[in-house]
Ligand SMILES: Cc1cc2nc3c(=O)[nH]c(=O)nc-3n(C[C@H](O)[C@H](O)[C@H](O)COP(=O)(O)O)c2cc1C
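Only one chain is included here, represented as structure tokens and corresponding to the form predicted on its own.
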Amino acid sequence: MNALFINGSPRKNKNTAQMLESAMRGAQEAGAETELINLYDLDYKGCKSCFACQLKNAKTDGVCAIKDDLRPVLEKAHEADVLVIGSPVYFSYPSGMTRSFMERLIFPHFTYDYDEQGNRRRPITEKRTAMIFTMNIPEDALEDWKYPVLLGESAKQMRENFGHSEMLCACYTYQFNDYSRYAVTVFDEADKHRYHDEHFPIDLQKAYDLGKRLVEEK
């Protein structure tokens, strides 16, 4: 059993990374071999619409044909039993690096090819997947900002192409080390700090439970 964790944040030790590391510990507790990859260490672009993965009798075997820094990561993701992708939310969506990764990950598993009964001819590559999102907005604003729909679309695409996906959100995260240096009057630093101290440990526990559950239920 192997579990791969993808960090779509430019930061390696902040909110998203900490959530992923907690999920990794849960997966390790359940007996999985784990690895964490930071997308911002890699040089790659999104899908180029070459359609090599959609050719009849395509020989891509579920992995994007483009050979760049992302190719070895996609090969690992293809082979993983459990795949967890973490990203901060930028303007209501996952980070650009995360989106580009997901385009290249999902399209080789996606198919336009269905039989007369409406069944896909390319079988789903079954794996347990999850999306972890960290964001500035408070939890009670999620519905107003349509985040269950906007962010849920990523989890939906993972579920439709890999058979299972879950979504975990960490809200109202602490963003700056020193708020006084930035023009952020819309936030109250003391309130952010209080919320972080009270709620982020709970979010980390949820991430741990998620990682453990995904492995145990595989």
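The numbering used is simple: start at 1 and walk along the sequence shown. These numbers come from a predicted model, not from an experiment.
Omitted here: the form predicted in complex with this ligand. The next part is about that form.
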Checklist entry - So which stretch, 70-78, 84-92, 114-122, 100-108, is the one near this ligand in the predicted complex (non-hydrogen atoms, 4.5 Å)? => result 84-92
Next on the checklist: When this ligand is placed as it is in the predicted complex, are 9, 137 and 147 each within 4.5 Å of it, taking any non-hydrogen atom of the residue?
Outcome noted: yes
Next on the checklist: Is it the case that residue 28, even though its partner is missing from this view, gets within 4.5 Å of this ligand in the predicted complex, heavy atoms only?
Outcome noted: no
Item to check | Close approach of residue 175 to this ligand in the predicted complex, 4.5 Å, heavy atom | outcome: yes
Checklist entry - Does residue 196 reach this ligand in the predicted complex, with heavy atoms at most 4.5 Å apart? => result no
Next on the checklist: How about residue 206 - does it come within 4.5 Å of this ligand in the predicted complex, if we only consider non-hydrogen atoms?
Outcome noted: no
